[in-house]
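We begin with a single chain expressed as structure tokens, specifically the form predicted on its own.
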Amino acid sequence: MIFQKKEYTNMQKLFYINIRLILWLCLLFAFACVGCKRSQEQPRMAVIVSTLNNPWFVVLGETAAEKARELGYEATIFDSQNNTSKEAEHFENVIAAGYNAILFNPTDADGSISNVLRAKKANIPVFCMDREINDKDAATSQILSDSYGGCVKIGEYFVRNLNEKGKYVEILGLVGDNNTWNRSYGFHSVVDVFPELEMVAQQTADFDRNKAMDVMESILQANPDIDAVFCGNDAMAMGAYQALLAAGKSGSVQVYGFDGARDVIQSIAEGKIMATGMQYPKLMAKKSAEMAHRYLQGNRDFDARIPVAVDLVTQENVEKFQAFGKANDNE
């Protein structure tokens, strides 16, 4: 059998040439689209929070992420579960993924420094919210509640309500968090002036409600005749109150907290809790996102440490407040 070479007409040749040209143009267009997508990729902010097992930090994290999105960023919340190792993993992932900024609620004043420095080395600005780290140069800025000043106010109210005498207990938060000690020092700067006010026990409960309940139950066994308990946050105040309620002492032992959480504001209104210090997590979260946005727009003028005032909430003025803010704050 003899095979003959196939001859194409000029029209057929032109057709195949045009097909090849169209295919090349399609490929070039696809590559151009990919490049365009990359150049227009939405900038991202990471929100790394110490724990989401506490309503206060949930509000802090969600508000920060919401504000970042409002400003045009993709935002993701990471839960460190009060674990510095988990926090380090989040930083590694965020840096590797190329996030543009980090809104950060540290787990430990000293243990978190290395994570912030790692981000700084990668040219990713870090803005600390509520909790601070013991390095004034690592983070771009730190916006923090005035825990010391807030607890001076609580201490003054505490002294007045106890008529300058009585036995009391203090339940501390996380020992590695500066807020724990700033609150304790502020409280004691007032209370320790009065010699007839005796602290019969001081224990930690890691800012955790269930741990505080267990701690309070244990303390009551050795000290059944106390007059008051000061707790470093509202979750622990509610845990202590539950223990006192179970022991039949909720009516005779005054409970003081710190945060401005919903259940404590309600309990103050009902006469169950004496007072708390109102922090403003929404304000701190929004300001942090706004500062990060300004940084990414080219602004480099930030204070290293920005304090936020804390208000005293009591049974006399509780109607002026709501959970995590003032009653007239509609945000």
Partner chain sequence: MNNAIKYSLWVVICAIVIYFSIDMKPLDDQLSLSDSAKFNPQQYANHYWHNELPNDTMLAVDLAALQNAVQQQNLHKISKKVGISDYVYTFLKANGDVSAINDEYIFCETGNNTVLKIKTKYIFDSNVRNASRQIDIGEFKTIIDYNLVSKEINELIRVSLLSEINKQNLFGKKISVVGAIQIHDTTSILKNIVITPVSIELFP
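The structure displayed is predicted, hence computed values, not measured ones. Residue numbers count along the first chain shown, from 1.
FYI, the form predicted in complex with its partner chain isn't displayed, but the following is about it.
The closest heavy atom approach of Asn182 to its partner chain in the predicted complex falls within 4.5 Å. Using a 4.5 Å cutoff between non-hydrogen atoms, Leu144 counts as a contact of its partner chain in the predicted complex. At the 4.5 Å threshold, heavy atoms of Ser114 stay clear of its partner chain in the predicted complex, well away from it.
Within 4.5 Å of any heavy atom of its partner chain in the predicted complex lies no heavy atom of Glu196. Site annotation in the predicted complex: the residue of Ile306, Leu296, Val58, Ala269 reaching within 4.5 Å of its partner chain with a heavy atom is Ile306. Proximity to its partner chain in the predicted complex, taken as a non-hydrogen atom within 4.5 angstroms, holds for one residue of Ile95, Leu245, Val200, Val190, which is Val190.
Annotation: in the predicted complex, residues Glu132, Glu164 and Asn178 each come within 4.5 Å of its partner chain through at least one heavy atom. Note that among 99 to 107, 219 to 227, 150 to 158, 74 to 82, the stretch whose heavy atoms approach its partner chain to within 4.5 Å in the predicted complex is 150 to 158. Contact annotation for 253 to 292: residues with any non-hydrogen atom within 4.5 angstroms of its partner chain in the predicted complex are Leu283, Lys287, listed in sequence order.
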